[in-house]
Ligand SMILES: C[S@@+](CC[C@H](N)C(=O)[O-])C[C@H]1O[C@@H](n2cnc3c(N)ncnc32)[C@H](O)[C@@H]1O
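In structure tokens, one chain follows: the form predicted on its own.
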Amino acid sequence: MLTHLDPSAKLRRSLSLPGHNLRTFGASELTKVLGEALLIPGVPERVPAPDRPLFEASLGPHLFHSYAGRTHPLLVRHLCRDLTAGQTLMDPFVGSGTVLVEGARLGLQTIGCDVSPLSLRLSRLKATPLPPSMQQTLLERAKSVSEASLERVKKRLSPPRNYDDPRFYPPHVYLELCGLRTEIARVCQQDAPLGEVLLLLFSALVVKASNQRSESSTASVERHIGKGMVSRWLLNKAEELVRLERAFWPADCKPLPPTLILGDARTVLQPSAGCKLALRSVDRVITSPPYLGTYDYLNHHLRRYAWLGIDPSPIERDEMAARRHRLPLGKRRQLHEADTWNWLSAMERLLKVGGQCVILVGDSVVDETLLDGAEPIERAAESTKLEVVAGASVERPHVVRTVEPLPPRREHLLCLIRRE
């Protein structure tokens, strides 16, 4: 991700992975769309300054908060291009809200589900444009919060409480973060919606301010962060968010607010769990479920949970296909296929007849074995009314190292149709 859109900064690999050696099968009109989506060029690692306005206008709020493993926004945009305002778009694994943002920009009714409260909070902010008056107020309050925090640093004031474990931060940075978080808490008491925006801006800075190398790496690095720098970062982030919003959302755009559901997509979207979404009410599902054994989203955001007051235990219990799950390979594959059937059956219930469920999934490596990411979906769909009618795949770089060389890893886009 670009840091404050500095043209020399690096972007997250999730937005820039190259793909080649396209393979397709199924209905020709659908395979063309799927193949084009997979081959959309990645975001360049460096964006020349003259190109930044166009870049910001294209990606807008997708850029302001990093999120490992997120889907490329332009891929989602390509898959939505035939939808019309008022139709319903759903993502049962909403992540950082990429699908909801793209749907909101088209005037669609969007629905997102995730086991992580952070995902829902990010998705709500990114898919809901800030009114111009709130944008201005945000800049003013971010400035006052930053100044108050800098004053705390200058006076060496001790914060009234601690948040995350101080071992993960340089000592002076940790104290400044605690003071900055205290100032944001005051805003939350006075203006909860504005305070929520400031908290998510703060969330975007936490990993960068810690000794953790990145979201997806627990390795430690030595940071050289001067006193007062973190407080200034918050103001910079507020200015960035406002700039991105103004560039991205059309002036007359009034998107429908997203419907957000906290919980495990395998269970919470079923009638037995009290799901109130109407039968056959969704026009399209676009989602990227967790790749088996590839990521630990719980660990990606542990630094953030402590500062945002999020209890990680439900995420630890319910996160699907996580890398940390230590089971024999055969058992993991069996469990993953059962999990896949559970959430697919919920999509079967919610999709309109003829509605599409488009799934982005990649191959994974577990116990030095390359596993086809599409197979569990294809097998699980056989016992539902969702028929796999088209698919496309491209080669992607391996994301883990193995002792022995493995066959090329592929990422797949599958299109399933809800049959009568």
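Quick caveat: nothing in here was measured; it's all calculated off a predicted structure. Note that residue numbering follows the sequence shown and begins at 1.
There is another form of this protein, the form predicted in complex with the ligand, and it is not shown here; the text below is about that form.
- Taking non-hydrogen atoms only, residue 312 never approaches the ligand to within 4.5 angstroms in the predicted bound form.
- Not displayed here, the ligand is kept clear of residue 258 by more than 4.5 Å at the level of heavy atoms in the predicted bound form.
- For the chain shown alone, residue 98 is a contact residue for the ligand in the predicted bound form, at least one non-hydrogen atom being within 4.5 angstroms.
- Not displayed here, the ligand is approached by residue 266 to within 4.5 Å at the level of heavy atoms in the predicted bound form.
- Residue 318 is the only one of 318, 283, 240, 191 with a heavy atom lying within 4.5 Å of the ligand in the predicted bound form.
- When the ligand is considered in the predicted bound form, only one residue from 92, 293, 179, 129 comes within 4.5 Å through any heavy atom, namely 92.
- Look at 51-59, 65-73, 22-30, 369-377: in the predicted bound form, residues with non-hydrogen atoms within 4.5 angstroms of the ligand sit in 65-73.
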